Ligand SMILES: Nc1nc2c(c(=O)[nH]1)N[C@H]1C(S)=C(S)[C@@H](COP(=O)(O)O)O[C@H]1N2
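Only one chain is included here, represented as structure tokens and corresponding to the form predicted on its own.
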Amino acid sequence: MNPISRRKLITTGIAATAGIAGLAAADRLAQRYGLIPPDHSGIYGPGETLTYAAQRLLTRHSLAREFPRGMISKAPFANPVAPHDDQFKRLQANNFTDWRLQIDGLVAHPASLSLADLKHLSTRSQITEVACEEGWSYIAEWIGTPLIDVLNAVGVSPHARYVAYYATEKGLWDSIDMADALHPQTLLTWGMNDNDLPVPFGGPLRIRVPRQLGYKSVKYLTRLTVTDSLKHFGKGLGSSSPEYGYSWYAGI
């Protein structure tokens, strides 16, 4: 990606406040630097493009706030999920020993990793906040394997632009660009508050993307697919969330 001057970005931001013409100018600039989100079409498309492009250019290497242990929430809220199927219950009964994360797509070495495999790669912990689009939030310690270490282990193609990830829940999937996939705070999380990750919070494995709203941190991960395009995934909007009115990019 070519560098862009802060002055040009600010100028475009000022133009955007002028309305449709400004948004169109921002869209052209975003196209020039390859910063078009997969949900860029439709009436809200120019706004989605401006938000994504501006955040990527200004905060590409920024860190989500990390908190001291004394600020961990005493009673974190586990957003309800659909009842688990029999296969999940069998895995749970065996303490998820047979749980596997499939990794495919633009990688040199497709893999099927157990929780033990992930833990063997590396471990990082962080105390960050889950901020929900519905208005609630909580702070917890998240323990897991940085996604960047997993991607390095399987050998990601230089053509990769996104990582799509899937849950056990039918139809639930999402994706992030490589800026977030390679970010040091993006974790494949298998622990929480000095314990295994509880099932209500996504155990045995969830992704944590602390620089985005909570719905990007999908629970019950089963598969990662590295790709150069999201056009043929689902409805081509980058995740299942835009199909229900949410943005693909949910930076905070």
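Computed from a predicted structure; not experimentally measured. Heads up: residue numbers just count along the shown sequence, starting at 1.
The following text describes the form predicted in complex with this ligand, which does not appear among the structures shown.
Looking at this ligand in the predicted complex, residues A160, Y162 and F233 place no heavy atom within 4.5 Å of it.
Partner contact region in the predicted complex: 193-201, out of 193-201, 222-230, 179-187, 57-65, criterion any non-hydrogen atom within 4.5 Å of this ligand. A heavy atom within 4.5 Å of this ligand in the predicted complex is found for exactly one of Q87, S112, T97, N79: N79.
Of the residues I72, L106, L172, L151, just one reaches this ligand in the predicted complex with a heavy atom at 4.5 Å or closer; this is L172.
Taking the partner from elsewhere, A116 is found to have every heavy atom lying beyond 4.5 Å of this ligand in the predicted complex. For the chain shown alone, L147 is not a contact residue for this ligand in the predicted complex, no non-hydrogen atom being within 4.5 angstroms.
At a distance threshold of 4.5 angstroms between non-hydrogen atoms, G214 is in contact with this ligand in the predicted complex.
Contact annotation: L121 falls outside 4.5 Å of this ligand in the predicted complex, judged by heavy atom distances. If you take 124-160 and check each residue for a heavy atom within 4.5 Å of this ligand in the predicted complex, you get V130, C132, E133, W136, Y138, in sequence order.
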